[in-house]
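Quick setup: one chain, the form predicted on its own, written in structure tokens, and binding and motion questions come after.
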Amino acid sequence: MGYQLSRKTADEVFGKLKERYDIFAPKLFQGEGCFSDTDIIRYGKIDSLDEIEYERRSDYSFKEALIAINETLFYFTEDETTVPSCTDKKLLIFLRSCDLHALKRLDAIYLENGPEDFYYKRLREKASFVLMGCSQTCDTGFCVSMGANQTDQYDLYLKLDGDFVLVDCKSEELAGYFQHLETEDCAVTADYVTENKENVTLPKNLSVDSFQNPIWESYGSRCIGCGRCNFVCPTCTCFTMQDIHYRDNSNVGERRRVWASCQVDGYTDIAGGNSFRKTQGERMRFKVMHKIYDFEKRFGYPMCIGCGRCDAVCPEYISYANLISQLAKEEA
């Protein structure tokens, strides 16, 4: 059972939530796209429900609300290190079903894959998630094929419906904001798509021999190594480290964790001048096999959730969806 609120009442609830939560959602940034005079939809802090982009998929995923693109891990002097403080407010993040499935992958990587990541955990524990339903499929998504098109693992479901807002609340903490309001009880079911324009078949007979498949060089020959596919992906977690030394004292500075990409030159460089995966074909193979083979062997489910952002953002029109479907045919 859910609630139907007037838009005025919903705005009042939102105002109260802002007092305790930093609220992040996909929003339109006009003129801030990668190319001149283009817009982009990405996550940012919002001040009203009107700012949320409900109709279109975000170009970047929700993960930048939990994992900063450029994050200071600690400050250092000659004598000590200091970890930056975390925000006092809790987080409320609006996201779609596929991204909620991606959250499960991030939790596996940062919390279940060896020692817990301190920086991820302290934000993750503060976060609650608001599901945004999907009334229609996006162009390049294949969430249905990946089983990520629907979920009930949300704290709050919210749908804007004209002059009303429909709400389904599973969180006891958030439920307190809706109690004693003038609401109407009603059945609320999250919208989700049942069919995509893209249908993908995952290969089920991959082995070490699959690493020699010529498909990697075929697709890799078109890749320019820009890394955009990794940056928009909600489950990619590659990063690099930077030590920043201040000009007034070279012994004082900060260490930062910065998003990186397994597709770019230099990512696998090591001491002595050696480098793993020198060609784009080798890098393509690593990325794809990690998404649909290595990760599943470790955790029991594929890393990819079928959001389709990588296909949409690629400047060379390389289709990850077509690649794995073709691989499935060859490996059958």
Partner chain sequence: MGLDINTKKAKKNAFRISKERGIGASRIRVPGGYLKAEILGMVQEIAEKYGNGIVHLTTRQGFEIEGIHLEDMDAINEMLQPIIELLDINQQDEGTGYPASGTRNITACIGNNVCPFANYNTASFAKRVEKEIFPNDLHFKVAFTGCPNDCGKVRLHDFGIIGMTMPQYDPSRCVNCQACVKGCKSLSVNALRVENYKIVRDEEKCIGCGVCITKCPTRAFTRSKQKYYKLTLMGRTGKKNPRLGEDFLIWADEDSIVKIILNTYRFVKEYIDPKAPGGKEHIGYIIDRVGFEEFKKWALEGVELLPETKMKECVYWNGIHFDR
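Positions refer to the first chain, counted from 1. These numbers were taken from a predicted model, which means no experiment stands behind them.
The form predicted in complex with its partner chain is left out here; the points below concern that form.
Colleague: Candidate spot 33, 228 and 244, all three in 4.5 Å heavy atom range of its partner chain in the predicted bound form?
Modeller: All three within 4.5 Å in the predicted bound form.
Colleague: Quick one: of 120, 259, 178, 76, which gets a non-hydrogen atom within 4.5 angstroms of its partner chain in the predicted bound form?
Modeller: In short, 259.
Colleague: Which pick from 60, 301, 267, 286 sits with a heavy atom within 4.5 Å of its partner chain in the predicted bound form?
Modeller: By the 4.5 Å criterion, the partner-contacting residue is 60.
Colleague: Taking any heavy atom pair closer than or equal to 4.5 Å as contact, tell me whether residue 53 reaches its partner chain in the predicted bound form.
Modeller: Contact with its partner chain, no.
Colleague: Might residue 70 be said to contact its partner chain in the predicted bound form, defining contact as any heavy atom within 4.5 Å?
Modeller: Answer yes; at least one heavy atom of residue 70 falls within 4.5 Å of its partner chain in the predicted bound form.
Colleague: Answer with yes or no whether residue 40 is in contact with its partner chain in the predicted bound form, where contact means some heavy atom within 4.5 Å.
Modeller: Yes, contact at 4.5 Å.
Colleague: Heavy atoms within 4.5 Å of its partner chain in the predicted bound form: does residue 296 have any?
Modeller: Flag for residue 296 set to no.
Colleague: Just to confirm the contact call: exactly one of 303 to 311, 267 to 275, 61 to 69, 287 to 295 touches its partner chain in the predicted bound form at a 4.5 Å heavy atom cutoff, so which is it?
Modeller: Heavy atoms within 4.5 Å of its partner chain in the predicted bound form occur in 61 to 69.
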